[in-house]
Every structure is written in structure tokens, then in C-alpha cells.
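Encoded as C-alpha cells, the following chain is the form predicted on its own, with no partner shown.
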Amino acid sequence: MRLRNVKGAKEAMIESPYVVNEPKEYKGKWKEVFKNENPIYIEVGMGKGNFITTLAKQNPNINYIGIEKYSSVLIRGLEKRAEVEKEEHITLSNLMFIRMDAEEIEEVFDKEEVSRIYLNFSDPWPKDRHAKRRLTSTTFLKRYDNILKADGVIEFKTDNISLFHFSLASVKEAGWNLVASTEDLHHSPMNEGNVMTEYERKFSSMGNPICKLVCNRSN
């Protein structure tokens, strides 16, 4: 479920120094945006921003970019960023945001420019005719292949078991390597160091097991 339209959200995106409004201009130049050589991790579909903001706070030597299609959602990420900076008395100079459709990802990032991709509780697009829109489809894996470093990694979490099984099949079909997977993350060794998203807290509180997979490209 998406948030309702938030009045002034688009204007806030344009005015914020933490939102890159013309991201295609920075393809191959993201290190210039962050002014350092640190690795770049992106979250595609960042929701309200708790996950990526927490990671940015924990890992100041990694650059994070949160990608979200809707201004009404992305603005919550901006608010979360400001909240953390105020409470922690820090500046999250390693965190930026983009409002864009994930289908444009190859137009925004260059070959081997990204080190890690997070996909958290993506839209399951349950109808078969919409399978290519799923962020773990072979169509999207091909896009990620064009921007990830050779040793780049994808991490995917969901509570939707059908989407999870589809994703496992996609990884295999695309010829990627399944590094690890679980259908019950919170009772798995994979839970060590896990940062929960808003949806993850909600679904797990309802008793829904959380699935996770980690994959990279086969050598």
C-alpha cells in the first residue's frame, strides 16, 4: 500500500539538497556527488527510509542512495534523515535520494558503479502478465548486471512466499549464484546484523515469517 499524496512533496524534492533531481546527469559520476571514492550501495524502493538511514548511520565509509518512485513516500525518507541527524547530532553526508522509476536504473548508474543493491518488500505484482515488473525478475537482474561491480551483491527481503519462490527461480534462470537464502530470517543465522524495514516490523509483528536471499553473479 502506498501513502496518499502529500501536499508539497514534489516541491520539497526539488528544494532538498539531499535529492538528486536530475540523476541521469551523474551517470558514471556519483563519486563526484559524494566527493569520495567509497563504495556505493543503493536501495530500490526505499519506503519511509528507516532501513537505508540506519545503514548510513552505521557505515559512514559507504555511500548510500535511496531510490523511490513516489514523492509522497520519499519525503518520509527525508524526514527520517533529518530526525536521525538531529537526535544523533551527526550529518549523514553519505546518504542521498532519487525519485525515479526503477526501470531507468541503467540510465542513472554506469557499468560497475554500484557495489550492492537492496530490494526490500518490493511490489509482488501478483498477476503473471506483470512478472517482468517484479524487481527480482530476470529482466531486472539483467539491468542490475549492467551496473554492479564484478563482485557486487543483491540482498532481497519479502514476506511474500510466492514472490520469494519466483525470485529464487529468477536467480537460477539468470545464471546468478545464490549465496544464501532462508524462509524464516528472524530465526536464521542470516539475521545477524539485520536492519529491519518498516514493513518488516509490521509483517513480523503479525506473525509473518520474513524471507531473504543474497545473490551475486556466477564467475
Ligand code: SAM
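Values in this document were obtained by computation on a predicted structure and should not be read as measured data. So that there is no doubt, residue numbering starts at 1 and follows the sequence shown.
The protein also exists as the form predicted together with S-adenosylmethionine (SAM); that form is not presented, and the subsequent description refers to it.
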Distance check, residue 123 to S-adenosylmethionine (SAM) in the model of the complex, heavy atom within 4.5 Å: yes
Are any of the heavy atoms in residue 69 no more than 4.5 Å from a heavy atom of S-adenosylmethionine (SAM) in the model of the complex? yes
Evaluate residue 135 for contact with S-adenosylmethionine (SAM) in the model of the complex, applying a 4.5 angstroms cut-off between non-hydrogen atoms, and reply yes or no. yes
I'd like to know whether residue 102 contacts S-adenosylmethionine (SAM) in the model of the complex, with contact meaning heavy atoms within 4.5 angstroms. yes
So which stretch, 175-183, 25-33, 162-170, 45-53, is the one near S-adenosylmethionine (SAM) in the model of the complex (non-hydrogen atoms, 4.5 Å)? 45-53
Which residues from 195-218 come close to S-adenosylmethionine (SAM) in the model of the complex, meaning a heavy atom within 4.5 Å? 197, 198, 199
